[in-house]
Every structure is written in C-alpha cells, then in structure tokens.
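In structure tokens, one chain follows: the form predicted alone.
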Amino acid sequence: MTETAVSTATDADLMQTQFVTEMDRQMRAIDPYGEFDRLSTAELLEPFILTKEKRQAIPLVGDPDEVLVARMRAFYNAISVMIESECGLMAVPLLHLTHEGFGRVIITVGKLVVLDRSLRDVHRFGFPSLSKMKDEADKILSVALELIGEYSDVAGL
C-alpha cells in the first residue's frame, strides 16, 4: 500500500470519529445563514489547521476576531458534549477572553472543574493537523473523565 493510500485511509477513519462528527455539528450550529451548508466536513474544519508556514505568517501580536472566538467555542463545546455523552452529566464550558487574546477556558461538571486552562495568543489558535486536534481533545476528555470518576460525588452536585 502506498503512503498516500495509507494517509487517505487514516483520514477517512478520522472523519468518522465521534469528535470530528461533533466538531462538524458545532461548526454548523454557529452558521445562522447556511454558508457552511455547501462545505464538506474537511473544508469546514480546515481553519482549525495551522501548518508551520501558516503559523509563521500570523503576527506575534494580534487581537482575536469574532470568527476565531466562535471556532474556539465550538472546539470546547464539542469536548463538553463528548464528556456529557460519556458520563451522562452536563458539562458546561466557559470561555473568557480579553480583547487582546488572553483568557481562560473552564469546563465544569456539576461543581467539579474538569478543565482549567489559561489561554495566550488566541489569535494563533489552531493545530498542526486534524489528527493533532483530535489527540488534544482526547487528552482533555480522558483527564476530565478520570476526574469525574475520582470525584463523582462533586460532579453529581
């Protein structure tokens, strides 16, 4: 099997994952005018991918725009939905940003904080590949589920 065939098969498998499906759903939910209706899932998630060259083209200092903030909200909303589907408890994301691109994201389940992350340089938010984005989401999900299992009495409040 050639390298291209392997990467295409891997990409096809990746597109069928729960995370990518949920990201597609979240991105389409923030589109009130139906502009994303004609886009495939890969095209819809393409703005999340920042290759090394794209990242270098973005200035070091910049302010996030509304579109970027909406993409960040979609990412953390998708993780929250996956937490809910795994444990059956409501997960609530909170994203707070300054106009300069600094802030914090928190995901709570009941009274339990399962994700608390400081954000910097939000105008450069992105991942090297779709696979890396999914890996990051899986890492956040596994830590959150571990915390929920360990502190289930707090998460149930």
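Residue numbers run from 1 along the displayed sequence. What you are looking at is a predicted structure, and each value in this text was computed from that prediction instead of being measured.
Note that the form predicted in complex with a further copy of the same chain isn't included here; everything after this is about it.
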Just one of 46-54, 24-32, 128-136, 96-104 has heavy atoms within 4.5 Å of a further copy of the same chain in the model of the complex; which?
96-104
To verify the annotation, which of these, Ile58, Val67, Ala42, Val92, has a non-hydrogen atom within 4.5 Å of a further copy of the same chain in the model of the complex?
Val92
Verify the contact flag for Leu14: yes if a non-hydrogen atom of it lies within 4.5 Å of a non-hydrogen atom of a further copy of the same chain in the model of the complex, no if not.
no
Applying a 4.5 Å heavy atom distance criterion, does Lys111 contact a further copy of the same chain in the model of the complex?
yes
Classify Arg71 as contacting or not contacting a further copy of the same chain in the model of the complex by the rule of any non-hydrogen atom within 4.5 angstroms, answering yes or no.
no
Although the partner isn't part of this model, could you tell me whether Leu147 comes within 4.5 Å of a further copy of the same chain in the model of the complex, counting any heavy atom of the residue?
yes
For the stretch 121-157, return the residues whose heavy atoms include at least one within 4.5 Å of a further copy of the same chain in the model of the complex, in the order they occur.
Leu147, Tyr151, Asp153, Val154, Leu157
